[in-house]
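The form predicted alone is given below as one chain in structure tokens.
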């Protein structure tokens, strides 16, 4: 059937919007006032010099820092060159993220000191093998688009764990990786490892295989390590995430609007400095914005405020036309339980509906202190459900199926009709772990809870035979970078046996 109605509008997918354009503009112009009137504290001399050369006002200089005030025109100029799209690929180019307005990609979080052992259920300190296991699981899950470590390799040297973490992730996944770095030296070593993995500097230029996580210090401070990493990333064509993590009531105003103003001011400083250093430098802004629980003083990862702030900041970044780093798939629960599933489902839904770009921290428990492979697996199915919802309901002659209803007629059925056969696989989402059997068949299958089925899937992934992603020669070359870093940091090893 041909639609002849004029001015026919289609809402192709469901959508969520928290802030109106007027509210976004109010927050943006308020953040410009903060940058110019309050300023930011910068603890790296070269960063201060870059800002000053670009027109910033420098005041209250001490031995280790300066107060830097950014005039409005500097932000306008930076916004004219900052890319609206950032691309990060996997090392074999099979996987690719194109981060721009309303393009959603999901992945884990980084650097949790603890993990839940998938075999014993024990909460313990994370190791190299745990980081590798999380990467292997991310590789196996179809709705994971990029990966972060979901653990700290605490059986390696304290000052060089970031290199070993990157090696563990490269062993486990060929998806794009968002790395962290202890310091500037750590970024340099991991970039060398990336060159080795991808085949050289020129290949890197064809498509970076990692992005770098950088976190300024709220409120309104940019440490020496942070600015050094930012400048190095600009100089070496490394896409980077510049993500403040303000905490309402502690490191930011209690009011959510006030927190958004402060966070945006912190992000805009990163945009200004990066574009002064090298116009066109690729960065993603956003991050974890939440509230402090006033009873426990924890940083909430499952609160409605966290989901709401993430959604609002996504609205802001879409208005700015800068890719956004959002938070979802995480919980304050201590185990993978009903609370974990509930909180993860809510913040994954919000992030997907609002159109966040690089949606991280999937698999976080315990307010960001503990990783859970079980939550990773469960969240993969939640993400699948949300992606189905985001497909919406196309309304046209074929989908309204008037001819099909006429052919079947009153009292008939649609099971044997070609329309059903041709459409059901794409129209109806099919779960992998959610149970839809009747009671008797569920009992015959072992009466397993969702948690039990998730756990079995985790063990299945971990024990599956897979082809190594790195051959022996490349692994040795990558490992040598880590070992040389260890030699430079002798005396910092933890008293734990090294892995094989």
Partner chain sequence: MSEVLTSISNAIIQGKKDDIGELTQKALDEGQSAQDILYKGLMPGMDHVSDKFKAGDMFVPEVMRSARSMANSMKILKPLLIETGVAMIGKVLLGTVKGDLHDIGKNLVGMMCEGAGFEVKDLGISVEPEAFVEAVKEFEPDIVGMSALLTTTMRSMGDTIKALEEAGVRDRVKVMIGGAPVNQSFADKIGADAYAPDAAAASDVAKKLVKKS
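Positions refer to the first chain, counted from 1. Computed from a predicted model, the values in this text were never measured in an experiment.
Missing here is the form predicted in complex with its partner chain; even so, the following discussion is about that form.
- Although its partner chain is omitted here, in the predicted complex all of 413, 416 and 430 have a heavy atom within 4.5 Å of it.
- In the predicted complex, residue 471 stays away from its partner chain, with no heavy atom inside 4.5 Å.
- Using a 4.5 Å cutoff between non-hydrogen atoms, residue 438 counts as a contact of its partner chain in the predicted complex.
- Residue contact check for residue 406: none of its heavy atoms lie within 4.5 Å of its partner chain in the predicted complex.
- In the predicted complex, its partner chain stays beyond 4.5 Å of every heavy atom belonging to residue 303.
- Taking 221, 349, 420, 143 one by one, only a single residue has any non-hydrogen atom within 4.5 Å of its partner chain in the predicted complex, and it is 420.
- Shown alone, this chain has one stretch from 438-446, 60-68, 454-462, 42-50 that lies within 4.5 Å of its partner chain in the predicted complex by heavy atoms: 438-446.
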